[in-house]
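One chain comes next, on its own, written out as structure tokens in the form predicted alone.
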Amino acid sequence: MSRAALLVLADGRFPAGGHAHSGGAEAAVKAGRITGASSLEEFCRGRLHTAGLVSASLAAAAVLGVNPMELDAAADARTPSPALRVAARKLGRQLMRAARATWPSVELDALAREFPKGAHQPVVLGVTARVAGLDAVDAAHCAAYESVSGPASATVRLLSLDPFDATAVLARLAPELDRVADQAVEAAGRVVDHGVDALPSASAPLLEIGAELHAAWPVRLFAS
């Protein structure tokens, strides 16, 4: 197992397309729900314990060998917003391109054939983590971190927020991120025994509503 592979996969410079997405932060800024570091922290905390937990659980389950087709269908069922489903598959497709170039494998090739239009990003993340020699908790940490680092990075650009303040938000959330990753691994274990219905289905209605509004904007800085 290579811990360095986790650093590569979680690095914001890994060409997986995340820089073009705000994780709902752009819509939240426009709605006045994010105005600075304090409200960014609350937004990220809510996202971590809802969308972040679901994504981390999907990724961990994929590492444990749960059928990607079943996981992708479960991800669809837990993503009511069509705009968010489109974004998740775009991100999955981009991650697949980067993963196949970085860790060539028969398994990733097969997943790409099964999902020519892209699987949900957390599913691709989990399979990529396994191919890279990582375990379920690594994938869960990566997914959970992405759920908050994307909005934090986007808010720096959207509000000209001090990057030091945004990074401090992520540091304060670190203990909660660890807990969410542990919860995700526990959920993934239940999925192995009882099927994908055991996955968390924590919802964030404002993220879903914001995504649909954001998708209709004629001009926007981020894709989602």
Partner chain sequence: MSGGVQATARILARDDGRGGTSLPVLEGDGPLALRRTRGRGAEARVMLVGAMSGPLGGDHFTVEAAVEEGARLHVGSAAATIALPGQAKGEARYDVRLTVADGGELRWLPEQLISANGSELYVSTHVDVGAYGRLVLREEQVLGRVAEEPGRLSSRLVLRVGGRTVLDQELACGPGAPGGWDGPAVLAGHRAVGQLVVVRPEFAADPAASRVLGDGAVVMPLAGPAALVSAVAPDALRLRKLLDDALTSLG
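Because the structure is a prediction, the values reported are computed rather than measured. Numbering follows the first chain given and starts at 1.
There is also a form predicted in complex with its partner chain; it is not shown, and the following applies to it.
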query	finding
Partner contact for D109 in the predicted complex: its partner chain, 4.5 angstroms, heavy atom	no
4.5 Å heavy atom contact, A101 and its partner chain in the predicted complex	no
In the predicted complex, R85 touching its partner chain (heavy atom, 4.5 Å)	yes
S81 within 4.5 Å of its partner chain in the predicted complex, heavy atoms	yes
D11, S149 and D162 each touching its partner chain in the predicted complex (heavy atom, 4.5 Å)	no
Partner contacts in the predicted complex for 181-211 (non-hydrogen atom within 4.5 angstroms of its partner chain)	D197, L199, S201, A202, S203, A204, P205, L206, L207, E208, I209
